[in-house]
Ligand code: GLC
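Shown next as structure tokens: one chain only, the form predicted alone.
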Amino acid sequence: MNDLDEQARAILRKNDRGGYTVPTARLYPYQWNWDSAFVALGFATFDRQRAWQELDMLLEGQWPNGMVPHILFRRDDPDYFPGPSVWQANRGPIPSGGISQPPVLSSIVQALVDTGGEADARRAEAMFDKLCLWHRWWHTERKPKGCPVVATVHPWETGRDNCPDWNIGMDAMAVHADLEPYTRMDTQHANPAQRPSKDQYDKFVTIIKFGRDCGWDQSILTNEGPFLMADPGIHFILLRADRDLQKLAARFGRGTSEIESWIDAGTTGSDYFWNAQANAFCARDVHSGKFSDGFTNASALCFYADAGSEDQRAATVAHIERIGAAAKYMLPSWDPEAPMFEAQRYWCGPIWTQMNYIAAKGLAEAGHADLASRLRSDLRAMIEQSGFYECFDPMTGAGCIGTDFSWTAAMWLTWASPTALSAGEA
């Protein structure tokens, strides 16, 4: 296994662009938000200074309103669409996208503090105010009027781009009549059968056009934009991050009352996602109130957030166990027994390394060590079989889409490798 450890370290070094890491060459040639957060954990296994540099460079792109964008365009690369000239979201110090991504950063910082020394604590304290400002942005700018939870304005903001969760919101919106012609680059670098459809991309770009036309005013984008859904993934990740931010605040002698109010709202707001018919936490369209009906790897994050009632948690475990019997490997991004499951199409079925990591972390903390262990061992087996792909087919273990992928290498080093910590310790 030492060979795979060294391969993983080599991938992180290869994808290093001078203090920040691209997910993989050509397909994703910029710095992505939650990718960098997870990548820092990988660097921390052999170079803690480089791990903190990754996070510092991510926060360099924070907007004055607190948002940490989903992409930082540190240079214009023709291999990617839509690039900075399409987004035109120049409200921060670095050209960027106009939306965010799941806010795992505070939880990663807390993990680095937990496993580090005083030097790590000093680095964390130096970025605390920026972390708090980003959480405040989520709880204000992405809190729609009349909605009890934060929501998302673009499927890309969830990190689960083309998951069937978003079909309700996507079906309800129209492609802009004056959408400029464009050429996708992703399908030139990856198998089109594993990527989002043309219609989905047209709607992705339609939302960008709306944001651009309103000058990326986040209140307008949230309350008047063409897409608005509540995502259990963002909700549970933010709730966990709020809890971790609270721990950091207490350590650094900062006030915690505002953070405690966020935690209280997130805890009670979890019921907003409970779909009694599906007996699961599901995405929900804010405009219509309609639920998605599929169990996803985001549904399993209730344990990571320490959320849900005893009955809701038991039902979630039952879903995970059912899916574990239907799939050779765990944990698929979409229920393999549900309609619209596609084993190799991006977020319609494949297994994602970082989602296995945080889902297993929550399961282990909740006392489900056997399920956590399976998520870890299955990921290890897929990487051993197929290499460091972006994601994996849950039925065969075959690698999908991007190769030499940074967060897959990072999750191997920090968790999946036999030389790494166990799920409960990660």
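Residue numbers here begin at 1 and follow the sequence given. The shown structure was predicted, so the numbers you read here are calculated from the model rather than taken from an experiment.
Another form exists, predicted in complex with the ligand; not displayed. Remarks below refer to it.
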Of 52-60, 360-368, 33-41, 380-388, which is the one stretch near the ligand in the predicted complex, taking non-hydrogen atoms within 4.5 angstroms as near?
33-41
Please tell me whether any heavy atom belonging to residue 101 falls inside 4.5 Å of a heavy atom of the ligand, as the geometry stands in the predicted complex.
yes
Hey, in the predicted complex, does residue 405 get a heavy atom within 4.5 angstroms of the ligand?
yes
Though only this chain appears here, would residue 350 touch the ligand in the predicted complex if you measure heavy atom gaps against 4.5 Å?
no
Check residue 346 for me: does it contact the ligand in the predicted complex (non-hydrogen atoms, 4.5 angstroms)?
yes
If you check in the predicted complex, do 144, 269 and 272 all have a non-hydrogen atom within 4.5 Å of the ligand?
no
Picking from 342, 79, 217, 161, the single residue whose non-hydrogen atoms come within 4.5 angstroms of the ligand in the predicted complex is 161
